[in-house]
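In the form predicted alone, a lone chain appears below as C-alpha cells.
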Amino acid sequence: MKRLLTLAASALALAATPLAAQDVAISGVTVAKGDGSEPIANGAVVIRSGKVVYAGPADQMPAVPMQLVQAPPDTWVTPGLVAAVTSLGLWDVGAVTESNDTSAGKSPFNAALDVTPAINPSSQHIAISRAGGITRALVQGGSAGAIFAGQGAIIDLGADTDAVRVPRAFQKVVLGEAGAQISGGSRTATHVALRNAMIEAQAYANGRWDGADALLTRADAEALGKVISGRQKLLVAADRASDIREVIALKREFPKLDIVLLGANEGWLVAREIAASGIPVIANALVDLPSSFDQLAATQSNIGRMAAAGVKLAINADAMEQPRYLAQFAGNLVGLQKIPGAAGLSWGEALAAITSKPAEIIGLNDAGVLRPGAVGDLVIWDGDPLEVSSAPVQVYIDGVRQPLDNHQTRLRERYRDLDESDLPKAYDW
C-alpha cells in the first residue's frame, strides 16, 4: 500500500496543470497492451504529449527525460477500455422522461436522428464509467418508431465539456423480432422496409429521389446516403442465425455497405459464414438463456466459438446492466476456458475484446491499445483488471489524468461513518 501511495503522489505532482496532458513514465508494472498479446511482467509505459511513446519490457525502455515512477509489483497498466455500444450521456434517470434522450418514438425522423447535441458530458453515468476504466465509448440512441435508430457518436469520457470525438460515426438498424414489431409485425415487412430505404437513399445520393413517392423523409434519405456509399458504418442488430445470414446477404446486395453485426446471440451457428464475409461483430457476452425466439441457441460459448472460427469481434456493452462491467464480462470469458466443453477467450483476447477490437471495428485505430503513436488513454489498476476484486486507481485520457469521484463515491464517503448522535446527514451541510 505504501508503494501505491508513492505512485499516486508522484502522478499528482505531474498533474499540476489540470486538463493539460501530463508526461507519465511507469516501470515495474504488469503491462497489457490490449492488442491480444499476453501481459508483460516487469513492464514499462511512457506517455508524452498525450501519446503513447513506449509500452513493453522495462529493461528495453528507451531513456526518457522525465521522472520514472516505480509502482508496486501487483500494479497493472492497460489501455483505456472502449465501450460499444452504450447510451452514456443520453439519460440521467431512465424512468424520468425529461432526463431521457435515448429514444424519440414520436419524431417524424428516424435515420436522420443524431445523438451528438443530446450528449451531456456532465452525466454521472459518464463519471461512473470513467471510474471503471472506460475512456471511450460508442453512444447510440433509438427512434422506436422505425427500424433505423439514427446516427451514433464516439465520445471520450474525459472530465471536460468536449465529449464528442466523432459525431455521426455510425447508423444503427434493428432486425429480428424487435425490427419485425417496429416495421409491421413480421420479418417480411422488416426486409422490405430495409431494402426500400437503401434504394431510396441510393436514389437521393444520385439525385434521382422523388419526395412525392418516397416513404423516407428527405432528412432520412440524406442521412442514409452516407450509409449506402460506405462513408458511415451500419450497425445491424440481429441475433437469430437466419437473420445473420440475411445480413451477410445484404452486404452482397449492397457491397459498399460498411456493416458491423451487433448482438449475434446465435452467431456461433454461422460463425464460418460471418468470418468469410469479413463482417466484424460486437457480440453480446454470456447470454445463455432462450429469453426470446431470436436466441433459442444462445450459449455462453458463443463468443469463444466465433473467435475460434476467425470472426473479428468485440464485447457489446449494451448487453450488460452498466458499461463498467465490461472487464468482469471479459474475465468470465477467460474463466470459460477452464470449463470442459466450453469455449472462451485467452486473457489477451479478452482484454482486446474490450479495448483495441471495438476501437478497430468502429474505425478508431489509434485507441484501445498501448503502442507508439496511440492516444494516451491509460488505466492503472491495483491488480489483474479482469478480476472482479481489481479496480482502476488512475485513469488518463489523451494523457490527462482524470478524476474518479462521482455521486456514488461521494455518497459512500458521506455515509461511511454514521454517528447516530449527530443530526441526519441531510442537515449536515
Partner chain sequence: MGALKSITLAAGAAFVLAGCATDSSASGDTVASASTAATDTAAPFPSTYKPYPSVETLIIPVTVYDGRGGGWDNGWVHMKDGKIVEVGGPTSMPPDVERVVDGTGKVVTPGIIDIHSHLGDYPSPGVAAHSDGNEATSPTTPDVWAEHSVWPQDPGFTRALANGGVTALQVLPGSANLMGGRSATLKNVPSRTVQGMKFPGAPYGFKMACGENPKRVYGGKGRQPSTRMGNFAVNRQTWLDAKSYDGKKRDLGKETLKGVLDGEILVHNHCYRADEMALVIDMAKEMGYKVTAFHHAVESYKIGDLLRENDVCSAVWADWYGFKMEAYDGIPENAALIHNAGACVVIHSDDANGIQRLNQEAAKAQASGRRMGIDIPDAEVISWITYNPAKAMGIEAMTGSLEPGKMADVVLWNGDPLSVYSRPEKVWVDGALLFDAMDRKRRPVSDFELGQPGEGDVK
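For the two forms, the rigid core is made up of the largest set of C-alpha atoms that agree within 1.5 Å on superposition. Predicted model, so just to flag it, every value in this text is computed and none were measured. Residue numbers count along the first chain shown, from 1.
What comes next is about the form predicted in complex with its partner chain, which does not appear here.
Scanning Ala193, Leu286, Ile248, Val164 against its partner chain in the predicted bound form with a 4.5 Å heavy atom cut-off leaves one residue, Leu286. With the partner omitted here, the residue from Ser183, Ser103, Thr75, Asn332 that has a non-hydrogen atom within 4.5 angstroms of its partner chain in the predicted bound form is Asn332. In the predicted bound form, at least one heavy atom of Pro290 sits within 4.5 Å of a heavy atom of its partner chain.
In the predicted bound form, its partner chain sits within 4.5 Å of a heavy atom belonging to Glu321. The shortest heavy atom separation between Ser277 and its partner chain in the predicted bound form exceeds 4.5 Å. Its partner chain is not shown here, but in the predicted bound form it comes within 4.5 Å of a heavy atom of Val388. Only one of 132-140, 307-315, 193-201, 334-342 lies within 4.5 Å of its partner chain in the predicted bound form by heavy atoms, and it is 334-342. In the predicted bound form, its partner chain lies within 4.5 angstroms of at least one heavy atom of each of the following residues of 401-420: His407, Gln408, Leu411, Arg412, Tyr415, Arg416, Leu418, in sequence order. After superposing the rigid core, the Cα of Glu413 is displaced by less than 2 Å between the shown form and the other one.
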